[in-house]
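Before any questions on binding or motion, here is one chain by itself as structure tokens, the form predicted alone.
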């Protein structure tokens, strides 16, 4: 999107400079109407329609990957995330593990995060793994998250939620599936 909008911005600036520098000259009324129609068609129809089509071509597949749709095979791992002022509670219902400000996931496996808030509106956001989703008190939203490879990713609240909002951060650690199972066993034995 940045590339496309940069291209549109450069085109608009070039047209603006052209309009400022060109000499008006004497033109007939019929020629003026023809030029006006051309501006309406190209600037008012073709450019916006093309821009929206390009954005949708990239945006729809990206948004589709974040929807909690049924998988072709197997079950989706469920993790509950509750936002508090100013920390994150992460609960794994299948293994009864609760963490603070950290999320551990298996890489290469889609999972559903059930997001809610205990107090005010927050927004769950891990920029390198997907879009953001608002967390509202009394409502649960589901976000499909998928890490392609193991690694550590930073996340944060993306909705101003009070005086300590800037410090409301968390880490997502994506493990290989085998390492994730080892981590689960280790956490379950510690509790």
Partner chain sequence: MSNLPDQANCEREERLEHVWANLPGWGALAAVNHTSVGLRFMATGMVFFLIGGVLAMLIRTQLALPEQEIIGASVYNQIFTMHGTVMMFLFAIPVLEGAAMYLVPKMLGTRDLVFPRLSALGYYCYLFGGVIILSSLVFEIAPDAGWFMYTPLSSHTYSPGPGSDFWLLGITFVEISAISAGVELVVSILRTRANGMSLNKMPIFCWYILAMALMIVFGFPPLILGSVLLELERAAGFVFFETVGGGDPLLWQHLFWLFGHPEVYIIFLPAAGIVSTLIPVFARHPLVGYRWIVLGIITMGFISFGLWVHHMFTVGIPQMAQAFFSVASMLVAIPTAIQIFAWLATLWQGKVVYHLPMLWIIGFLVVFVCGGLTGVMLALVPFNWQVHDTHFVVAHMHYVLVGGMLFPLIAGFYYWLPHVSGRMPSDKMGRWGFWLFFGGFNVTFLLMHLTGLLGMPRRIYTYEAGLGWDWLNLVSSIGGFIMAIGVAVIIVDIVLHFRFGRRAEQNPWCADTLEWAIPMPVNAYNFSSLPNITTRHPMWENPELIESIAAGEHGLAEVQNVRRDIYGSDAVTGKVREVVHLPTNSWLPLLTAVVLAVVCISLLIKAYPVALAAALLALVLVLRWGWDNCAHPRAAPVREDDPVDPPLHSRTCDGPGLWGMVVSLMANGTLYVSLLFGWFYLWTAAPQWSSPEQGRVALIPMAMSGVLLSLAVMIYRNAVAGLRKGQADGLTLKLWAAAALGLVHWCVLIWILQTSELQPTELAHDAVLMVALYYLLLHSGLAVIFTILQALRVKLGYVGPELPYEPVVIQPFWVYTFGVFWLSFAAFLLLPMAWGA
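Since we're looking at a predicted model, the values are computed, not measured. Residue numbers count along the first chain shown, from 1. The term rigid core refers to the most C-alpha atoms you can superpose between the two forms while keeping them within 1.5 Å.
There is another form of the same protein, the form predicted together with the partner chain; it is not shown, and what comes next is about it.
Residues 9, 13 and 20 are all found to lie within 4.5 Å of the partner chain in the predicted complex, as judged by heavy atom distances. A residue is said to contact a partner when one of its heavy atoms sits within 4.5 Å of a partner heavy atom; residue 120 meets this definition for the partner chain in the predicted complex. The partner chain in the predicted complex is not approached by residue 151, whose heavy atoms all lie more than 4.5 angstroms from it. Of the heavy atoms in residue 157, some are within 4.5 Å of the partner chain in the predicted complex. Taking non-hydrogen atoms only, residue 146 never approaches the partner chain to within 4.5 angstroms in the predicted complex. For the partner-free chain shown, 118, 119, 120, 121, 125, 127, 130, 131, 132, 133, 134, 136, 137, 138 of 112 to 138 come within 4.5 angstroms of the partner chain in the predicted complex, judged by any non-hydrogen atom. Core-superposed comparison between this form and the one not shown: the CA of residue 127 stays below a 2 Å shift.
The Cα position of residue 184 differs by less than 2 Å between this form and the one not shown after fitting on the rigid core.
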